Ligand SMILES: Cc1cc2nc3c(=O)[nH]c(=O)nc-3n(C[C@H](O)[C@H](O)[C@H](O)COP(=O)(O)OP(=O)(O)OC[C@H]3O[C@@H](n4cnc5c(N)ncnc54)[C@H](O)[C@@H]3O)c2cc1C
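Next comes just one chain, in structure tokens: the form predicted on its own.
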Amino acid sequence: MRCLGGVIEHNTHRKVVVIGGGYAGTVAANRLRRRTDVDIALVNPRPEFVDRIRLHQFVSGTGDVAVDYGTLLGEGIELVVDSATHIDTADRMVRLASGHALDYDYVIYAVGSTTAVPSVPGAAEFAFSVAEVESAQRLRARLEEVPRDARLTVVGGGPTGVETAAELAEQGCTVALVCGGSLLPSLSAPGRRYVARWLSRHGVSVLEGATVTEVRPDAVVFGDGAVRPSALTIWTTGFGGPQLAAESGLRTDTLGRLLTDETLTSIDDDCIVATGDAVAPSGRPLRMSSQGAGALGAPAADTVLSRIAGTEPAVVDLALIGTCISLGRRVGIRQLARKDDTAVNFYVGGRAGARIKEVTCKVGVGKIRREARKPGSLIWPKGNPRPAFAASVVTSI
């Protein structure tokens, strides 16, 4: 579908609805204020911003995740506390759970991601997630009921699983970390060894290459038939995405990410631009992360502003240059990577790694505030431009 936006006539405002108030959505909404003739509505189901990279701290009681939107959003942005249920591309309306609707000229689709619904028997019923603040609240409440010496199981050997296991271990819990493959496969071999040593010293049993085939209220069952007691099981493996785009008739990948070209514009409707964890440019999405999400918010807004101005949007050029992982409150690791997101054999660990991680967390929210104060100020690592859009890649999905 071709958008009929084009160049703005004198005194004519364009309406942009941003769906999702996470790292990408808030950056995009603030950046749209580079033009004074754009009306911006940010739709989010919660009245407060959730700093998701601190959810493992929230679970263990060592940090908070709620940030007042009043400190993050620039003047003139309307915060709509509601959930989008349908994007009506024919009438250009975003339908809301409350029954209300918002008309639009452009939509920025920034719905983010969550943990995929596990297909393992019993996991959906008995395992807890840290992907969303509501599930993290349930987990935190359950942890308060579990005896301190109880055996806990964290399923998932990625950053979320490791950070959650480390926080709990530092609190004195007995934790088993189950990795379907290897521990932290995105890190370099030296980085993985460093993390493994820390976990071992703090009593975390790391089970690599183990497959959980069933979750019970008080145990987990493995592929070899072994049954391990588990007073509480935490599921951190796999990503999923809201199905809003697919249910609105827009093409997505298997995880629900909107299929776009390399300017983040939907391949079905160029009035819709996607960003953050919810976008799959040319069917080849970037790694889901707060690092990528916040940075992608800026080019998404720039694409909309270019279309309003009648100019050609730029192709995304974003380099992911490493990973920060906290190991409790006093130690961390900063794994360096090339601009194509492949790890190099160099990392910063210990207290220096923890300080870098904390600074990185603060910078994530700080960039949103800076963009609110001065729209267009956000910069991000470049030097890894995406390849030209290939329709064959998209249609093969």
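A residue's number is simply how far along the shown sequence it sits, counting from 1. Quick caveat, the model's predicted, so the values are computed rather than measured.
Keep in mind that the form predicted together with the named molecule is missing from the display, and what follows is about it.
- With the partner omitted from this view, the residue of V212, A293, V316, A127 that lies near the named molecule in the model of the complex is A293 [heavy atom within 4.5 Å].
- When the named molecule is considered in the model of the complex, only one residue from T252, T160, T265, T153 comes within 4.5 Å through any heavy atom, namely T160.
- Taking the partner from elsewhere, no residue among V38, V304 and P375 has a non-hydrogen atom within 4.5 angstroms of the named molecule in the model of the complex.
- Residues of just one listed stretch (202-210, 141-149, 270-278, 307-315) have heavy atoms within 4.5 Å of the named molecule in the model of the complex: 270-278.
- The named molecule is not drawn, but in the model of the complex it has a heavy atom within 4.5 Å of P242.
- Under a 4.5 angstroms non-hydrogen atom cutoff, the named molecule in the model of the complex lacks A123 among its neighbouring residues.
- Using a 4.5 Å cutoff between non-hydrogen atoms, R52 counts as a contact of the named molecule in the model of the complex.
- Residue contact check for R334: none of its heavy atoms lie within 4.5 Å of the named molecule in the model of the complex.
- Of the residues in 60-88, those that come within 4.5 Å of the named molecule in the model of the complex through at least one heavy atom are, in sequence order, D82, S83, A84.
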